[in-house]
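Shown next as structure tokens: one chain only, the form predicted alone.
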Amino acid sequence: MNIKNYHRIVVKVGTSTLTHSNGLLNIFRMEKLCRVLSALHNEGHEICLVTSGAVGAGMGKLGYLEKPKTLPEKQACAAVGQLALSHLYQKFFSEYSKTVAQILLTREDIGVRKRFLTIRDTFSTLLEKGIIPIVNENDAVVTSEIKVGDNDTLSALTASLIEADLLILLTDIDGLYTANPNTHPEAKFVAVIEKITSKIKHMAGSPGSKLGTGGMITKITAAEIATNYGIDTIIANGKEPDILHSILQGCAKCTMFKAKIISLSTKKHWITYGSKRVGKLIIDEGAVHAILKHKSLLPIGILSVFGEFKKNDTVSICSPTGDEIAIGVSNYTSKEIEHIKGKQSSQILDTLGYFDYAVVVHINNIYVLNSL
């Protein structure tokens, strides 16, 4: 395995790694994780920790034996558990003279461009000052509409947000196997993934433990997000946190997903993975062909508009049959596009009474899903 000299590293630790089977926090493992991360920080690495475990920790304190079913119960567990989790991290890291900061995120924080940029500046300041950010989803208040859903995905979005060099996903298995090794003893271990294909995704199987929200499939998704931004991604067993040293020395048993050599730009990566699509534009065949040739979307090519959205919101761009071909940031609101759809750009001023842009979505703000 070719290990680079990684400087900025995001480490995600899962619920199954942080807690015992009864939901109570594994204090010994947490302490050791903080010790190892502090040692890496002393070596000159910038560290960001994405942690699960709040709901699991709260379960133990509130007496739940299984993950609660209702949203209010989950949020109550998260509210109680997040405080316990943060207290322990602060205590353990302070023993090694490290200052930590807590950042609780939702999909909306990442999906709204202005908030995304604000959060990026916050991370940048913390890392420059030698502080270790500890990130979790804001499960105590989050709703399904603004929920990232799992911390594997959150860690990948965080890694791209802070422009990390490496993402490490610590879990309860050594890495990716060709099948579930618990039920298929003949399954073979996969050490390096050059490209994530449908076959690779099929190997992942179904999600999750009774305490966590993810599983191998969410880790594959996270790896896809990160590698598309040029970030190497590793899945490893977090039972022994010392594995982080072995990973950086290139001698650990783990699965590495290699970063794409030609990665998405920061803005197009955010459009594709970070932003939330709040509307849909149906376009004609001529516009489909133009976009697949990497050209901007003109009003004349738009057939219909779905959803209510504002200027600078992200929308799906779909063929006449409804197939999504691209994702883009709109220069106009949904109401404005209703008025100018099917018209020439030269007619925008007469139609709206003002003229901001000749195109509805500029090619610089479009990510094409499938090119010709």
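The structure displayed is predicted, hence computed values, not measured ones. From 1 onward, residues are counted along the sequence shown.
In what follows, reference is made to the form predicted in complex with a small molecule, a form of this protein that is not presented.
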Residues in which of 297-305, 129-137, 159-167, 195-203 have heavy atoms within 4.5 Å of the small molecule in the predicted bound form? 129-137
Considering non-hydrogen atoms and a 4.5 Å limit, which listed residue (Cys48, Ala54, Ile317, Leu33) is close to the small molecule in the predicted bound form? Ala54
Is Thr171 close enough to the small molecule in the predicted bound form to count, meaning some heavy atom within 4.5 Å? no
Is Asn151 near the small molecule? Define near as a heavy atom within 4.5 Å, in the predicted bound form. yes
